[in-house]
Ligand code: IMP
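Read the single chain below, which is given as structure tokens and is the form predicted on its own.
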């Protein structure tokens, strides 16, 4: 069975391809570009919406569709940006615009550093049913940026037990501790089972 990733996010696609031993292709390689409305109120709900939509559009039982919905939550801000992480600064906002909106929100609260966590929900849809797994990464966000690596909010997030941001840490370290990496480790046995 072929694995299709239900995302148009190049950063996520790069991470998934690096973490999966199997061949992974983006849905756009088969179906072209399309907009999927993510209107659930949880990461799990949005991941399922994307995976179900692409699986139905493919209309082929030989595909396993994987999607994730992920984001960062800051307790001081009532959990923001949460499920709105990719559009925190508005629909169509760039990673940098979202990042700087969060930095501004921290500055408005008068803090330089505060606890936060990333969540990743990975949904897997195939002819055998639907599965969802979660991964988390806890740490702090800072009211500034450090490092050029990663994407999204990585330059402002310091994982617990580290003194550097994800924007400064090597990809191998990030892969080992990331929310997406943890969720993918849980998803791998399910994907392997479905491919038998």
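Computed from a predicted model, the values in this text were never measured in an experiment. Residue numbers count along the first chain shown, from 1.
The same protein also exists as the form predicted in complex with this ligand; that form is not shown, yet it is the one meant from here on.
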Check whether residue 140 has any heavy atom within 4.5 Å of a heavy atom of this ligand in the predicted complex, and answer yes or no. no
Please run the contact check for residue 85 against this ligand in the predicted complex: heavy atoms, 4.5 angstroms, yes or no? yes
Using heavy atoms and a 4.5 Å limit, would one call residue 80 a contact residue for this ligand in the predicted complex? no
Answer with yes or no whether residue 151 is in contact with this ligand in the predicted complex, where contact means some heavy atom within 4.5 Å. yes
In the predicted complex, segment of 123-131, 140-148, 65-73, 51-59 with a heavy atom within 4.5 Å of this ligand: 65-73
If we check this ligand in the predicted complex, which of the residues in 158-193 reach within 4.5 angstroms of it by a non-hydrogen atom? 174, 179, 180
